[in-house]
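Here you get one chain, nothing else, as structure tokens; it is the form predicted alone.
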């Protein structure tokens, strides 16, 4: 298998070094894996996810994601938009836009035409079971429906990796499982690498591999 994430000695501190979020993390994730990152609150799991997605920069170490050296490359905006699909605990949909317009948003940095973007966004809404809600405002949808739209939005640029930070944290158990089933189905059908940060044991055990983080270190 090909390694899509390679991390060595990754360290990140905040508050002028007084708070160690990551403390020498070593980690390999293979292409096409479904990995769950678990650990108590404040353990560094979300910081690690942000490093993989280039939302934050490490202080030192090595982090290679899909052949991109994230500590050496200066402009990572194209990497974020083309390689990574983000799903967060809050759907972060814009209420003034329709469902399909929200899905299209990340594609504006691509070279796709407006008609191509709309076609892809509509196809993705169909794939998450919301083709009939394309023109709806997010405020008229349930929490589970909004999170499915967020998953569709994460896929619009055909990313290599989906990073999901507590994607079921604001949902009830039924809708939580629907979101995990949707992500698992996309992972299996498209061979997308899926990395989920979760505190939910029932979610974590569905992954191919569980990585435990404690005090900024991988402990398993």
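Numbering follows the first chain given and starts at 1. Everything numeric here is computed off the predicted structure, so don't read it as measured data.
Not on display, but discussed next: the form predicted together with a small molecule.
Of the residues given (43, 175, 160, 157), 43 alone sits with a heavy atom within 4.5 Å of the small molecule in the model of the complex.
Annotated contact segment (heavy atom within 4.5 Å of the small molecule in the model of the complex): 33-41, selected among 176-184, 33-41, 149-157, 57-65.
Interface membership of residue 210, defined by any non-hydrogen atom within 4.5 Å of the small molecule in the model of the complex, is ruled out. Contact check for residue 11: every heavy atom lies farther than 4.5 Å from the small molecule in the model of the complex. Contact annotation for residue 21: at least one heavy atom lies within 4.5 Å of the small molecule in the model of the complex.
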